[in-house]
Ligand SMILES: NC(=O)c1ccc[n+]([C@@H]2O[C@H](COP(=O)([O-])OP(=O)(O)OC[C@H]3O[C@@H](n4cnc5c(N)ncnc54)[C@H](OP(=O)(O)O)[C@@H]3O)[C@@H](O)[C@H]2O)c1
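There is one chain below, alone, in structure tokens, taken in the form predicted alone.
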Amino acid sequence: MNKTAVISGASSGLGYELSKLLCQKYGCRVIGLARRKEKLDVIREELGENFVPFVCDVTKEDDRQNLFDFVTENGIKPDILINNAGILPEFACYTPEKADELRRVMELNFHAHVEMCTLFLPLLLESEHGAIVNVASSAALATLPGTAAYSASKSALLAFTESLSLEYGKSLFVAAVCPGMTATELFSSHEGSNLIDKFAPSAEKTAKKIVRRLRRGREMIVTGADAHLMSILRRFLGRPALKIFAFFFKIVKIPMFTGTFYKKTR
């Protein structure tokens, strides 16, 4: 490939594995973005000069502008933008008290990615094979209970990505990625996440699938058995499929789902 990629959320999970794969297997130069400098420095030592660490909180306008200035002032010509950074709050019933949390989730999972696309779009259009890859989620395919903020942010990102794909046609390759549950730090802080670590595919395995399908020109990439099941049931059953997912959440004894449903008290 020998291209230059900008990847957010590169210090862990899927972002790290994508960076590693692109650097080591495909000879790409990766500008890896994250808020934690110490983690980026460790990855730089591991991956070598192909990995260019850049401390950046993509929700902050000044950080995004500093990144853009760094790229342009150093004559770097990005070919690929991978918007991967994201946050998954605890599974919980939405209440008025969670309004601030919803805004924070939308800011990172949606608005920051839109701003990154806005900033880098002119540069990517200059590339012979420019590409934008937005990492959404299986929650964008079928809404799950307890994920009002997360599902809303990822659904918005998927819709935005699909619009870009239609609007830019052959001038720019635009793809959406909708992974199911993956063994990453996104879930590790949640109670009962050991079950996910046991049954969910690793970030490394998921990253390999994503890159293979991107190389085949797939504009919609769904990974994981749970994501495929959610997509199929929603497509064929419509809204009743969501009731099935909700029933599953009610009957399984997984701690992270215990606060999912509203219980009226008097």
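Start at 1 with the first residue shown and count on from there. All values reported here derive from a predicted model rather than from experimental measurement.
One more form of this protein, predicted together with this ligand, exists but is not displayed; see below.
Inset, instruction - Classify E185 as contacting or not contacting this ligand in the predicted bound form by the rule of any non-hydrogen atom within 4.5 angstroms, answering yes or no. - result: Output for E185 is yes: heavy atoms within 4.5 Å of this ligand.
Legend entry - Contact flag, G86 vs this ligand in the predicted bound form, heavy atom cut 4.5 Å: Although this ligand is absent here, G86 would touch it in the predicted bound form, with heavy atoms inside 4.5 Å.
Legend entry - G180 within 4.5 Å of this ligand in the predicted bound form, heavy atoms: Yes, G180 is a contact residue.
Legend entry - is_contact(T59, this ligand) in the predicted bound form, heavy atom dist at most 4.5 Å: Because a heavy atom of T59 falls inside 4.5 Å of this ligand in the predicted bound form, the answer is yes.
Legend entry - Option touching this ligand, based on a heavy atom within 4.5 Å in the predicted bound form, out of M230, I31, A34, I221: The residue in contact is A34.
Legend entry - Joint contact, S11, S137 and Y150 to this ligand in the predicted bound form, by non-hydrogen atom at 4.5 Å: Verified in the predicted bound form; spot residues all in contact, yes.
Inset, instruction - Please name which of the stretches 168-176, 93-101, 78-86, 122-130 has residues with heavy atoms lying within 4.5 Å of this ligand in the predicted bound form. - result: Within 4.5 Å of the partner lies stretch 78-86.
Inset, instruction - Scan 239-255 and note down the residues that get a heavy atom within 4.5 Å of this ligand in the predicted bound form; none is a fine answer too. - result: Heavy-atom contacts within 4.5 Å come from no residue here.
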